[in-house]
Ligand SMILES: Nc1ncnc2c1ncn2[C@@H]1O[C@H](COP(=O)(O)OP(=O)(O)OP(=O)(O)O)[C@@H](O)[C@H]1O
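Heads up, the chain below is alone and in the form predicted on its own; it's given as structure tokens.
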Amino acid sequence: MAPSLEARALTRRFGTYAAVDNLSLRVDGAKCVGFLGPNGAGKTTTLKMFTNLIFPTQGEAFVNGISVAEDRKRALSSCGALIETPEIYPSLTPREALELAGALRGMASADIRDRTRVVLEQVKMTEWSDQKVGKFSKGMKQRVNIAITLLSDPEVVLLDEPSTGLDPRGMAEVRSIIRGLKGEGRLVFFSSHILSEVVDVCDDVALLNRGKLLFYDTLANVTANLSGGATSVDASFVAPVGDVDVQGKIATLGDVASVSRLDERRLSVAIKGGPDARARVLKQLADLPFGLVGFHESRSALEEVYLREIQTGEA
């Protein structure tokens, strides 16, 4: 059975304030889902309700179809979570921290030993497995935290803004780990307010603001459907592309909504339609005599959607 997460009318109030307001969301399958929203949107509160760290005022959370409220142990047995920024005892080594975490989960000693070797290698911490955590950088500590999250070999992985507060190198390391998880049959659901992070690693995206879900869809559909039906792709070429060629050979291609110049060898091409339309346009760009050397979805597309939806939701 494919891994899944589901919130049914999930609500959490603190006094009169609704941190999460009637959230209904179902995520199925092995994929990476970005849970976007500004600070204070309710992302961490939602993850805490999925992991039973706090109880909903109303509604219900499910992991792999099992109610967290009704059968917490079975629901969370296949779930690994890294919520906020837990501290590891500085006197422990990564190996010792993993042994402690495994014992708390009730894992057998042999399983802890085997999985410790696997997860330390997965987060590239094998070399420091017997060094004290107190001497580690923040990025290294976060990699150990992710290793602890993966220790029980979970089908569902919940990460709460895992790269927040890290330097660029630490952020890149965390993203690399998340990308690696995508191919292992896991459902990775992680909250973030860093748009470039979501574009880099996610298949789907959900946007939360003031406790309410604004949308949930594939990243491609969100940027295409919510950005006026067009997705922007930044394309790089070997040869300079003149203005005449931009207007005569590229702007006139089928499915192209508009073209803007980034520099003499780079263009931003807005493409109407979904993945099939993008595939057709990219093939046509590759056939042009300018030498297409690379392309990627413009990060500004998600940014524009994000800002517009947040502003609309606050109006």
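Note that this is a predicted model, so its numbers are computed, not measured. Don't overthink the numbering: it's just position in the shown sequence, from 1.
This next part talks about the form predicted in complex with the ligand, which is not shown.
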Handout entry: the ligand contact at Ala41 in the model of the complex, heavy atom, 4.5 Å
Key = yes
Handout entry: the ligand contact in the model of the complex: Lys212, any heavy atom under 4.5 Å
Key = no
Handout entry: Thr45 within 4.5 Å of the ligand in the model of the complex, heavy atoms
Key = yes
Exercise for the section: Please run the contact check for Glu155 against the ligand in the model of the complex: heavy atoms, 4.5 angstroms, yes or no? Expected result: no
Exercise for the section: Could you spot which one of Arg115, His193, Arg72, Arg175 gets a heavy atom to within 4.5 Å of the ligand in the model of the complex? Expected result: His193
Exercise for the section: Considering the ligand in the model of the complex, find the one stretch among 31-39, 262-270, 247-255, 282-290 with heavy atoms no farther than 4.5 Å from it. Expected result: 31-39
Problem - Any residue of 14-29 that, in the model of the complex, places a heavy atom within 4.5 Å of the ligand - result: Phe14, Tyr17, Ala19
